[in-house]
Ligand code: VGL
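Below sits a lone chain in structure tokens, taken as the form predicted on its own.
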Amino acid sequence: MRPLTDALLVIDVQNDFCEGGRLAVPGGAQVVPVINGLITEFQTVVLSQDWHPEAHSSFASQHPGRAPMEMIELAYGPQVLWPDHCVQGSTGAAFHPDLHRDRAQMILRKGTNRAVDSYSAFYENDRTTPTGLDGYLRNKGITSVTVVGLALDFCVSYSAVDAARHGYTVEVLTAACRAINVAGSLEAAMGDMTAAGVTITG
């Protein structure tokens, strides 16, 4: 069992990010058994859940003439346009059915603001609006965070970098992650995490 000061942060292991989903990450479901094994090692487990209202501003369907995976500028900066995914209450937004959810002390829903996306479990994409996760972890006495889930090059990496910036010791286990890799996003994410002091292990 890991020390009480260690937490496992499981990012967005949801149906829409797994095979057959609206924004399927290649090999997404393969992380589930690996994460289930990790969950038994930690006494603090947090699950994040993408939870978008319909007609979210990050959906390509809301921008006539635009296609999924295109990049646009929104009020808060650059934003990838995604297929409609993880809509609140939908089957796609539900956690993968094989994920062991019962040991989680907290489920953090993000991306709930129609006007702003949220990759990181710590901040919305305006980079100033906190989700409350940092306060929760600090109140629990957490000093070290292990980050796993989907997708490595977006929500996992953003969460890991923000955790490091908040002063946590951060490890990303790539065996428990999968990436989308859009236009070099995986290479960029690995560089960002390394620069932030995140430990990346297989």
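No experiment lies behind these values; they were computed from the predicted model shown. A residue's number is simply how far along the shown sequence it sits, counting from 1.
Heads up, the form predicted together with the named molecule isn't pictured, but that's what we're talking about next.
Taken together, the three residues L8, D162 and Y168 lack any non-hydrogen atom within 4.5 angstroms of the named molecule in the predicted complex. The closest heavy atom approach of L150 to the named molecule in the predicted complex falls within 4.5 Å. Interface residue remark: D16 is not counted as part of the site for the named molecule in the predicted complex, having no heavy atom within 4.5 Å.
When contacts are judged by a 4.5 Å heavy atom cut-off, F154 counts as touching the named molecule in the predicted complex. Using a 4.5 Å cutoff between non-hydrogen atoms, L23 counts as a contact of the named molecule in the predicted complex. Partner contacts here mean any heavy atom within 4.5 Å of the named molecule in the predicted complex, and among 168-176, 138-146, 47-55, 31-39 they occur only in 47-55.
Contacts of stretch 60-90 with the named molecule in the predicted complex, defined by any heavy atom lying within 4.5 Å, are made by W82, H85, listed in sequence order.
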